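Just one chain follows, in the form predicted alone, and it is written as structure tokens.
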Amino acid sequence: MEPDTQNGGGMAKLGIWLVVLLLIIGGIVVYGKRGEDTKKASVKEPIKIGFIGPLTGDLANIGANTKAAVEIGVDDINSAGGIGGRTLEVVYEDSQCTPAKSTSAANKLISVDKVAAILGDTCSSATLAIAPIVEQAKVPLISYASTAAKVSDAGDFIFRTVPSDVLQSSFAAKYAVEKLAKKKVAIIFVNNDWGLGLSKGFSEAFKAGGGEAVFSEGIDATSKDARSLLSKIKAIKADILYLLVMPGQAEIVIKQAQELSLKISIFGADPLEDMTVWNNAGKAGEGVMFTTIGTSPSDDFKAKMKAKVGSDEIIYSGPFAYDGLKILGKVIGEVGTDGTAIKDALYKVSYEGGVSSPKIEFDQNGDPKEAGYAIKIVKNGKPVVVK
């Protein structure tokens, strides 16, 4: 009997088609699984935020103290589940508070690390230098310490949790006239945006209060000798010196004032919060007063900072950086990582329960709507709040 080749051929073709169909279905399943795995891997990738600050140099103590506060914020966010189920990662860059290094740091964070937002910088001149970069890249930036008035007009993507010097200078001048009863002020300011802006604001407010600015001169940030300026001030008999310089330079000026027997009250601003100034100034620092930006750290935050830095020192920039990070975490959790969406949400955010201010909301310039200040005086080598 001859085989049924026609039927056998049909069966063979059917078998081939079944194999092909199975391969197609298998491919779809594998492809779908790969797509799902890729999606899961993407979701699990950490959200990156950049940090720029002085981690080395004269202001390294401020940078280290601030970095510790940010690290606490990262731990708090990640231990609570992260942001939308994704962990938060902060990429730290050292700027030494210089415009050139800050610019390099910003470019790296944006182009290489692909951060969603940036915290930084400390010094106003550095923040103003990177403002055009983040503005063009549409990467929101929150400064935790830059107080120069110019920052208010730096761009639509530029915010700060710390208040403008317009407020600090007015507060300081009013205190000097009304509480300290000073009438003639001499001003030494560092030649940068911060120093120029604060000296101008103080001088105007001091005059408005009935005082007189009898001397005002700038000093280069790298100068280690202020004797000629101090000698001029001694000759004109001012009754208060408004000293606007950074740690590393501040203690030098304070010690030189003592060496020249300059019998004058010294009054400074928020950078004098740094304990390295008073550790280096020694007895020459006794009685020096300065304004500081008021913060309200919780007992839990204080304990975590002490564990991080090994002391009770909390420089104001730390709490403002911590709250800046928490604000970014809150906003990114709501709108995602698109820069424009983050920026738009920041103008609408209302953040309460922080460790810097009871409530943070930003005005149309990206500045906080509320501000609080305190006066400190150095006693036994440590700044304490004047009640």
Partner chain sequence: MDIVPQLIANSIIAGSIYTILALGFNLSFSTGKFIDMGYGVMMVIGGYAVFYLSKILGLPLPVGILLGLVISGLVSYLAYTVVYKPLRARKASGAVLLIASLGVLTALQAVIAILFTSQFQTLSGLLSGNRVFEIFGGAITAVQLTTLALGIFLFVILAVILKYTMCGKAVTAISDDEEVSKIVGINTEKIIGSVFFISGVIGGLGGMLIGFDTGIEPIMGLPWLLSAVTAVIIGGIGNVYGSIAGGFLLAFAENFGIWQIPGEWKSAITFGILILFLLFRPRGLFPK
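Just so it is clear, the model here is predicted, and its values are computed rather than measured. Numbering follows the first chain given and starts at 1.
This next part talks about the form predicted in complex with the partner chain, which is not shown.
K.L.:
Just give me the single entry in 58, 361, 344, 334 that has a non-hydrogen atom within 4.5 angstroms of the partner chain in the model of the complex.
P.N.:
Flagged contact: 58.
K.L.:
Among 180, 252, 264, 167, which has at least one heavy atom within 4.5 Å of the partner chain in the model of the complex?
P.N.:
Contact residue from the list: 252.
K.L.:
May I ask whether 45, 48 and 87 all come within 4.5 angstroms of the partner chain in the model of the complex, judged by heavy atoms?
P.N.:
No, the whole trio is out of contact, none within 4.5 Å by any heavy atom.
K.L.:
With heavy atoms only and a cut-off of 4.5 Å, decide whether residue 231 touches the partner chain in the model of the complex.
P.N.:
Contact with the partner chain, yes.
K.L.:
Going by a heavy atom distance of 4.5 Å, is residue 218 a contact of the partner chain in the model of the complex?
P.N.:
Because a heavy atom of residue 218 falls inside 4.5 Å of the partner chain in the model of the complex, the answer is yes.
K.L.:
Just to confirm, residue 301 within 4.5 Å of the partner chain in the model of the complex by heavy atoms?
P.N.:
Looking in the model of the complex, residue contacts with the partner chain do not include residue 301, since no heavy atom lies within 4.5 Å.
K.L.:
With a cut-off of 4.5 Å between heavy atoms, is residue 208 one of the residues that contacts the partner chain in the model of the complex?
P.N.:
Residue-level check for residue 208: no, no contact with the partner chain.
K.L.:
Picking from 151 to 159, 72 to 80, 102 to 110, 223 to 231, which part of the chain touches the partner chain in the model of the complex when contact means heavy atoms within 4.5 Å?
P.N.:
Of the stretches listed, the one contacting the partner is 223 to 231.
K.L.:
Given a 4.5 Å distance limit between heavy atoms, list every residue of 122 to 141 close to the partner chain in the model of the complex, or none if there are none.
P.N.:
The stretch 122 to 141, when checked against the partner chain in the model of the complex, contributes no residue at the 4.5 Å heavy-atom cut-off.
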